[in-house]
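Before any questions on how it binds or moves, here is one chain, the form predicted alone, in structure tokens.
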Amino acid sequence: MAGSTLGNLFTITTWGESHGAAIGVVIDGCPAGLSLDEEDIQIYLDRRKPGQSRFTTARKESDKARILSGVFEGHTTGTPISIMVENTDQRSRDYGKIKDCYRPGHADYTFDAKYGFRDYRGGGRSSGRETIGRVAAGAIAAKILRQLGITITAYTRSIGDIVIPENEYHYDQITENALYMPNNDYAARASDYLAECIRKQDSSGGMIECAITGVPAGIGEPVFHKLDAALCSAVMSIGAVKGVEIGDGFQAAAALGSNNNDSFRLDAGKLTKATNHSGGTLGGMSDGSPIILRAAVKPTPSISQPQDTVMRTDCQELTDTTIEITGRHDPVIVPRAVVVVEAMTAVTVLDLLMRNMSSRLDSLIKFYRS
């Protein structure tokens, strides 16, 4: 199976299935000398693990990270880092009755079309549990970025039609509610909305916003490997994400150049922008402003309502049928996906920072002749 690796210099390869023995990631290109232990990774994994609230799946997984290689005496060695998380609460029997059905909104049909075979237990590689490897790698990337003065903050901007206005963000409240929203009042309203979704055996989507600060100007490539294109590609690779925008995003289509352009100005001798409609990128490169990214997350496709679909019979013929999906599923994916967006952003920015080290001769001279 191709397509499980991301990055050029700082690369990650995720492995494992939802109902297999374990799931994890191999990280290559991490510099030697980084202080790292399993707790650094666990902090991130705890933000995405199941069973955190009534709005997440009841699957009971501790999601304990185990570092298998690449760390010695508390520091990275420069060799590949392998991280494993065991699956301990698989209930494959939940999927036995629908193993021949193509679940609406899932990758069942496309996996069958591509490989002629699929792991029906929770979706296999297309399961949300695959993101464990991404989050573990993102924890390492984020720790490196913090040493460079770069911080990444992701949060839930909206659930359904409940959207927090930007002037009502309170970042200190993000971890005070189960939905990771930067406003507890809006989180309470969203909770009531989700409770109604559960009552109706339905699910909801939402929007995740991510702010990256401290990235110097000039990171990213001006043609095929633009910073915004790389970020969108990485975040769009998260299974439930159906759209990504940078800055004003799709609103820019209705704007005028006179109000969409960000004017430059000097502030204490430093070049800055008066506004940030571009979301921190210009020409595919960072401009020194905060990078603002948003990801649209679809409603959880596994719902208990009857749904029309198609199944494959014992004779390998296709026939119409109706299914009702049972088992343990999140009524909303957004809260647990917040840290996944953060992780993919960290991995992407770090990889581009490393690539940027060779863009200027004076940087090479400074590094090798200092």
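Since the structure is predicted, the reported quantities are computational estimates derived from the model, not experimental observations. Each residue number is its position in the shown sequence, starting from 1.
Not on display, but discussed next: the form predicted together with a further copy of the same chain.
**Q** My question is simply whether Asp112 lines the interface with a further copy of the same chain in the predicted complex - judged by any non-hydrogen atom within 4.5 Å.
**A** Asp112: yes, in contact with a further copy of the same chain in the predicted complex.
**Q** Do Gln42 and a further copy of the same chain share at least one heavy atom pair within 4.5 Å in the predicted complex?
**A** Result no; Gln42 lies far from a further copy of the same chain in the predicted complex.
**Q** Does any part of Gly116 reach within 4.5 Å of a further copy of the same chain in the predicted complex? Heavy atoms only, please.
**A** Looking in the predicted complex, residue contacts with a further copy of the same chain include Gly116, since a heavy atom lies within 4.5 Å.
**Q** Indicate whether a further copy of the same chain has at least one heavy atom within 4.5 Å of a heavy atom of Arg66 in the predicted complex.
**A** Yes.
**Q** Could you list the residues in 181-212 that come within 4.5 Å of a further copy of the same chain in the predicted complex, counting only heavy atoms and keeping sequence order?
**A** Stretch hits, in order: Tyr193, Cys197, Asp202, Ser203, Ser204, Gly205, Gly206, Met207.
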